[in-house]
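In the block that follows, a single chain appears as C-alpha cells, in the form predicted on its own.
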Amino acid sequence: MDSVSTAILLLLLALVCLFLTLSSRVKGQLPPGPRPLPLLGNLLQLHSQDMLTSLTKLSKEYGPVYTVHLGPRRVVVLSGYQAVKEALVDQGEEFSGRGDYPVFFNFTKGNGIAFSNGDRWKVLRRFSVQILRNFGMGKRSIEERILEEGNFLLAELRKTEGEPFDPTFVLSRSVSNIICSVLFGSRFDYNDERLLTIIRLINDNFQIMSSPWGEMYNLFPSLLGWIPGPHRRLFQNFGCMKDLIALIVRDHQASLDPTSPRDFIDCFLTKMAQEKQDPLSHFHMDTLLMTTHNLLFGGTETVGTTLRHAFLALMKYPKVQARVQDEIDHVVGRARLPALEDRAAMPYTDAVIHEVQRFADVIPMNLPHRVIRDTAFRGFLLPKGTDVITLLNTVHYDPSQFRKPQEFNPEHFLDASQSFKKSPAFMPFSAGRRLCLGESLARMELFLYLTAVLQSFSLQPLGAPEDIDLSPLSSGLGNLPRPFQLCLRAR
C-alpha cells in the first residue's frame, strides 16, 4: 500500500472515530436509540418502503422517546398519545420549530408559512390567520362558498349516471376550488386549464412524496439529487406550480386596488408595498409565492384524500352509510343541502367523519418539528435545533385512547347515550403552535361535502363490500387510499 493510500485510510478511520465519539457524546443528552453507522445512520433498521412501520417498531424496542439517525441526520422520535401531547401541547413553544424536510426544503429554501422558522414564521402565520379570517375562514361566508361548490360537485356526480368512475379528480377539483377562491378571488370552471394543472401537479407530488422514492430523498438528498427517478419530477412540478402562481400574481399586480383587496394575494401585495422600505420586512415576492403554494397544497390534497378514504369506508360498511343517511333524512330532509348548523344535531355523522380521519390517518408522521431552545423533556436534554418526528399514527392508534384502534368504529367518538364525544387524541391537523392553519376550513368541507353527497346518492362498490381493502397504498408523507371505482345510485 503506497503512502497516499495509507494516508487516505488513516483519514477515513479518524473520521469514523470522530463520528462515533461525537455521536456518543450527544447521546449522553439525547434519548437512547439504535447505534448508527457513519453516514448511513440507521439505514439497516429502516425501510424506505415503509418508514412508518420501521419507526413504530423501533418505539416498541426503545420506548416512546428515542433517537434515530435518518442517514446522517439525527432526529428524536415521539410515539404514543402521551409523549406527543406533552411535546406539542404542554411544551408547545419549545417544540414550535419546523424541522428539516429535504423534499420541501429543496423547493422552499425555508421560505413560506409551512416551512419557515423564527420571526418569519410568526409574522407570516399571524398575517395569514388574520387575512384568511377576513375572507371568511370559519365564518358563514366561507360556508356559502362551500355550499355553492357542493352544488357544482353534485352536478358533476349526476353526469356519471350510475356508471363506474374514479372519484379522485372530481373531488380534487371541487375541494381545490374553495382554497383557490380565497387565494385568487374566484373559483375556476372545472375545465379551466389552470385548475386542471394545479390538481395534476399536487396529486402527482403527493403520490411521489408518499412513495419510497420520496422517503429515500429525505434520507439522502445529496445522493438522490444525482440519481434519476420519479423524485426528479417533484422539483419540475414544484417549478411549474410556482410559475403558474407567479402568472396569477402578475395579473393581480396589474389590477390591484389597495383600498379594496379581493383576496389573499391582494392583501399580501399591499403589505409588500407598505413595508417596501423596511430592510427587516418578511413580505417579499418569493415569500408570497411559497406561502400561496403551501396554502394551496394543504387546502387541496388532504381533504380530497380524506373524502376518498371516507367513500371506501362507507362502501365497506354499508350499515354505517345507511345510518348516516337516516340521520341526514331525519335532521335535514331532502329539500335543502345540509348546513353547518345541522352538525350539532347529527352526532353519528360527526362521529363517522372523525373516525374516518382517525382511521385513515392521512398525515401519519406529521411534518417534522424542531426544538427552538435547549429543552428538558422526560429526563433528557434535547439541544436547540434538534429535529423531532411526532408519530401521529401512534396517537390515533393508541389503545389507551381508543378501545379497538385497529377497527373502523364510529363508537370511538360516541358516548353511552350516543352523543358525540371528543377525544384529546384526535390530531389529524397536528396540535400546538404548528396546528394546521386550515383546520376550521377542512372540518367544514368534510362535513358539508360528505353529507351533500350522501343526501343525494348511495355509494356502491363494484365488488363485495367485505373485499374492500382499507389499508393504504403507501405511507410516506401521506397515507394514500388504494385506487378504486364506484357507482352512485340516486336516492
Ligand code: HEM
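One rule holds for the numbers: they count along the sequence shown, beginning at 1. Just so it is clear, the model here is predicted, and its values are computed rather than measured.
Only in words, not in the display: the form predicted together with this ligand, which the text now covers.
Colleague: If we define contact as a non-hydrogen atom of the residue within 4.5 angstroms of the partner, is F429 a contact of this ligand in the model of the complex?
Modeller: Contact with this ligand, yes.
Colleague: Decide whether H412 counts as a contact residue for this ligand in the model of the complex under a heavy atom distance cut-off of 4.5 Å.
Modeller: No - in the model of the complex, heavy atoms of H412 and this ligand never come within 4.5 Å of each other.
Colleague: Contact with this ligand in the model of the complex for T108, defined as at least one heavy atom pair within 4.5 Å: yes or no?
Modeller: No, T108 sits far enough from this ligand in the model of the complex that none of its heavy atoms falls within 4.5 Å.
Colleague: Within a 4.5 Å heavy atom cut-off, is R434 in contact with this ligand in the model of the complex?
Modeller: It does: once this ligand is placed as it appears in the model of the complex, R434 has a heavy atom within 4.5 Å of it.
Colleague: Here the chain is shown alone; which of I146, L219, V320, I363 has a heavy atom within 4.5 Å of this ligand in the model of the complex?
Modeller: Residue within 4.5 Å of the partner: I363.
Colleague: Within 4.5 Å of this ligand in the model of the complex, heavy atoms considered, which of V324, A114, L234, A83?
Modeller: Filtering the options by heavy-atom distance leaves A114.
Colleague: Only one of 294-302, 192-200, 312-320, 71-79 has heavy atoms within 4.5 Å of this ligand in the model of the complex; I'd like to know which.
Modeller: Among the listed stretches, the partner-contacting one is 294-302.
Colleague: Do any residues of 366-388 have a non-hydrogen atom within 4.5 angstroms of this ligand in the model of the complex? If so, which ones, in sequence order?
Modeller: Residues within 4.5 Å: N366, L367, H369.
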